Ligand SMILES: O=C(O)[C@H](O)[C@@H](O)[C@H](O)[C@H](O)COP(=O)(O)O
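Take a look at this single chain in C-alpha cells; it is the form predicted on its own.
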C-alpha cells in the first residue's frame, strides 16, 4: 500500500509545476483523480483553518466546479470535514430566484450540500440565519416580504443587481468587522480562507469577463453587471481586489475547449493577454493553485514541466 501511495505521489509531482507568480499547476489524467485531489486540498485547508480560527470561510462559483467538489461528500472526507464550521459565500451569483436553474445557490444545494451525511445541519447552519454561518445570495430575487423571516430562513426581497451587490457587500463587511472573515493586512479587503473559481473558454472567472469595465474596479468588494455576455445577463461578483486578497485561490478547469484560455492565463505569452481575467488572478500574499485535467492542460508550454 505504501509503495502504491508513493507511486501515486510521484505521478502527481511529475504532472505539476510552479511558474513564477502564475501559481502551482496540478494536472490530472482524468476527472476522478482531479476530484480526489481537489477534495483533499479543500479538506486540508478546512482542517487547518478550523484549528487556527474555529471557522472556515470559503467562496465558490458555480458550473462544473460544484460537481467536482462532490468527493467531499464521500468517505473519508464526509467524516472528517467539519461542515458546521464552514461559512460559505459565492464568488459570484446570477440575479435570479434561488430555485432558478441558473442559480449558483441551487446548484450547490442540489449538487453538494444536500449530499452530506447531515444535510439538515448544513442548511440550518448555512442559510441566512444570523448568527450562524451564512450562505449569502441564496435568496436573491426571492419573492418574499422585505426583512421578514420565513420559517427559520431570512428571505431577501426582489431586488436589482445593484441592490443585491450592495446588500451582499454590507453583510460581508459585518463579518469582517467581527473577524469571522479575516481582513487583509495590506488593505481593508476581506481575506477568505479559500476562493474556488472555475474558468470559461473566454478566460472569465467569477462574473469578471474580458474587456469589461468591472475589471478595473478597485474600491468595491462586490460589484454588479447587467450585460453579461453569458446568460443570464444580470449578475453580481467579487472584484479582483477581493479575490487577490484571499489566503488561497484555486482555479479548476477541465475540457479541451478551455485549453487555449489556460495557456493564455498561465504561460509566458507576452503583453497581449495581460488583461485576460484569469491571468489577473494573482493572490498578493496568498497561494494560487490550478487544478487541470489533461485536456485543459493540452496547450501548455511543455518546457515548464521538464525543469
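Numbering follows the first chain given and starts at 1. Just so it is clear, the model here is predicted, and its values are computed rather than measured.
There is another form of this protein, the form predicted in complex with the ligand, and it is not shown here; the text below is about that form.
Residues of just one listed stretch (186-194, 89-97, 160-168, 218-226) have heavy atoms within 4.5 Å of the ligand in the model of the complex: 89-97. Contact annotation: residue 26 falls outside 4.5 Å of the ligand in the model of the complex, judged by heavy atom distances. In the model of the complex, at least one heavy atom of residue 61 sits within 4.5 Å of a heavy atom of the ligand. In the model of the complex, the ligand stays beyond 4.5 Å of every heavy atom belonging to residue 111. Taking non-hydrogen atoms only, residue 210 never approaches the ligand to within 4.5 angstroms in the model of the complex.
Contacts to the ligand in the model of the complex (heavy atom within 4.5 Å) from stretch 186-219: 198, 199, 200, 204, 205, 206.
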